[in-house]
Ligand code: FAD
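Shown below, as structure tokens, is a lone chain in the form predicted on its own; questions about how it binds or moves come after it.
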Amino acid sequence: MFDWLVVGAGFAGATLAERLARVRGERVLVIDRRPHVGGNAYDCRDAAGILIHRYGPHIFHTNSRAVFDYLSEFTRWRRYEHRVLANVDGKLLPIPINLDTVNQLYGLRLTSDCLKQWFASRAEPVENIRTSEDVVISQVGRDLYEKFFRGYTRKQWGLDPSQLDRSVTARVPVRLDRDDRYFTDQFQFMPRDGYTRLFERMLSHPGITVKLSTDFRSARNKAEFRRLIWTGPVDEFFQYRYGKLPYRSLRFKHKTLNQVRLQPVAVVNYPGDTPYTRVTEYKHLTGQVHPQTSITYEYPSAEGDPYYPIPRSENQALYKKYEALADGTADTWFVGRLATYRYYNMDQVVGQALATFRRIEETTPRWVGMQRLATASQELPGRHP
């Protein structure tokens, strides 16, 4: 008998499994339908011996000291600040848009003070900012919107930015200086030995049993457990009672080249007419020294494994129905991007899992502790016939 069944061996599932086993001393069964741990953050060496991310680039960054300190128990880090270029008008330009982006694109020599005025002269006033298009054109105008955002967003989401919630493009800032870092978080690192090794260490506690290539339905029929952590799609758990929640998927084309480097940064975005959205070169991320290089072309798709909840108001309304079902399901916790239908970064998933564990600690008796208390009470005089 397991105290917990954890469905999914990604960040949400691994964090909760580790806490439940290590802190509460309970027995945990972790299952995943894939043949590996790590979820979408899984990395491995390809045929050339180059460490790649099977499901596209995963860059760790956070402002949470608690999340960073927690994960630091399972990995050493390699300092890495992510930089992205966009292929626009035949040039590789910094994204998020900054002072260098504008000067190089238009052949200008603006200063930071001038750039603020330049943006203002091109911005289109939007009285009520509701969509992703509204966000961008109200900040930098329509030309930069068309060159950097519209095509990329349409490929990524299968929808025009005017049909998507403002949160999609609000995630990408516009800068007045020359800061070309994609993220500005306090902690920006990559796990020194890779993500998979990090997960293996998290799940190495003797109280944790891991079964891969295992589906929830079959595990539920074969394994006995008292409580459940679900990190998969919430609509799948309830067998699509209200219909399927819309997700965006991805398809990856991995390739090894007989050259040391292909591009000047880890990721180059392609907002134009190419069918792929970006190309990732992993040696930038890992610091690996190798005579060859491996890259990944990323193709958004309407079919395949669910990756991104599509941020539209009607989708949130549908999710609320599933959320009500989830709230009413006893001894079951729904955690992670798919289970809560939110676009979370990795650190946010870990933070959510740690917060869920604190709630479990506050509200849920420990099985091990209850069993010990019951045994001790039976041994006391006058407590049994």
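The numbering used is simple: start at 1 and walk along the sequence shown. None of these values were measured; they are calculated from a predicted model.
Keep in mind that the form predicted in complex with the ligand is not shown, yet the notes after this line are about it.
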In the predicted bound form, the one of 50, 29, 67, 59 near the ligand [non-hydrogen atom within 4.5 angstroms]: 59
The unique member of 119, 276, 74, 307 whose heavy atoms fall within 4.5 Å of the ligand in the predicted bound form: 307
Heavy atom contact within 4.5 Å of the ligand in the predicted bound form, the stretch among 288 to 296, 213 to 221, 200 to 208, 106 to 114: 213 to 221
Touches the ligand in the predicted bound form: residue 233 (any heavy atom, 4.5 Å): yes
Close approach of residue 40 to the ligand in the predicted bound form, 4.5 Å, heavy atom: yes
In the predicted bound form, residue 265 touching the ligand (heavy atom, 4.5 Å): no
Residue 33: touches the ligand in the predicted bound form, heavy atom cutoff 4.5 angstroms: yes
Interface residues of 166 to 180 toward the ligand, as seen in the predicted bound form [heavy atoms, 4.5 Å]: none
